[in-house]
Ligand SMILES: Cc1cc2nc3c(=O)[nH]c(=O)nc-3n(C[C@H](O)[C@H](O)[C@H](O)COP(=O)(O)O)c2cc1C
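One chain follows as structure tokens, the form predicted alone.
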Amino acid sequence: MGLGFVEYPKHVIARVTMQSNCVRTSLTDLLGLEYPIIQAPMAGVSTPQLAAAVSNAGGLGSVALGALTPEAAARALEDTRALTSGPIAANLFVHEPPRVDAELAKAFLAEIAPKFESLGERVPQSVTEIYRSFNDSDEMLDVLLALRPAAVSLHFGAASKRHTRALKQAGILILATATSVAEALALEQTGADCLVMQNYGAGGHSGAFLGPPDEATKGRAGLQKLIGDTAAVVSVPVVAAGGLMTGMDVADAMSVGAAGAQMGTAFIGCPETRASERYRELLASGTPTRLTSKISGRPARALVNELLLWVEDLAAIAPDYPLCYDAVKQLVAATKRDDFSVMWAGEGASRSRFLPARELMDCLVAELNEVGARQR
């Protein structure tokens, strides 16, 4: 393919250049990628094999570290690095410490107790903060500084000033998730090098931290407006996230100012993930998704399955994240049933393609280049 340009509105951060089948944007320049595609981290589902396959195919593979201990995080990064020499991102949670309300937690545990008892399992007497915020873990910072991934991606807010300074001094780029223009501006102010703009239909946990996710960002039109409005007022690359499943979807987002896309649900069907057979069956069957705070204590979008329907019927107020998640995950572990499990997915789930990650990347790139070729 010869040199050519795809023209986008004047407020776009960088014009897109296609040369030798590569797609160059401010995102690819920033991270040294061939293609402006980021595989979302997806804690609990993604693997080092998935991240490496995406990086080897020219995108940015992400390793989910937020639910891991520093020791396990180091192994995950080392395992990924052993499989690829391409850039990788390490994803971490930066949530505020949960408010410990003993009475609220007691009421929640009392309501879910019958389910434990029906399984012959001991009812938990308390819940704990099963995931530490990156901002509270110098040990996790030490892991990152020692292993130096190309980037650290943050969810639920910004890194502390001290952690940000240490990452930047080590040459590690910072990607941060926002769900509104206000959040994007706040994250840029803290030093984020790239903003992942996530809409209401995104799978898994919403990254919202200045209020609940805004339903106005739902769907293609909502995401396009979010991208356009954000790209017009920030000076760093903007990445689109939420409901994107094809190269055409990526091109749509780029046409209004995105420098690339982050895709999660699109990769769940890949054999490199830990998704169960039942998880894959629900993706393939067109099962709808729903946003709920009852699973983890934070708004998150999942496939409608037995677990989601059950938690939605609970009357008790969910404890703060991740205290609520601790109780639900204990129950999920006790049931040992595929359909009574957490199955995060976005609104594009029904368009899933069940391909090895490398083949999926090839499809995405071919579709993206096809759109570019038509526009030249």
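These numbers come from a predicted model, not from an experiment. Quick note: we count residues from 1 along the sequence shown, nothing fancier.
Just so you know, the form predicted together with the ligand exists too; it's not on screen, but the next bit is about it.
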property: Contact of V311 with the ligand in the predicted bound form (heavy atom, 4.5 Å); result: no
property: Contact label in the predicted bound form: A43 to the ligand, heavy atom within 4.5 Å; result: yes
property: is_contact(A64, the ligand) in the predicted bound form, heavy atom dist at most 4.5 Å; result: yes
property: Close approach of P36 to the ligand in the predicted bound form, 4.5 Å, heavy atom; result: no
property: Which of 212-220, 261-269, 140-148, 187-195 sits within 4.5 Å of the ligand in the predicted bound form, heavy atom basis; result: 261-269
property: Selected contact from T80, N135, N91, T230, since only one has a non-hydrogen atom within 4.5 angstroms of the ligand in the predicted bound form; result: N91
property: Stretch 139-165: residues contacting the ligand in the predicted bound form, 4.5 Å heavy atom cut-off; result: H155
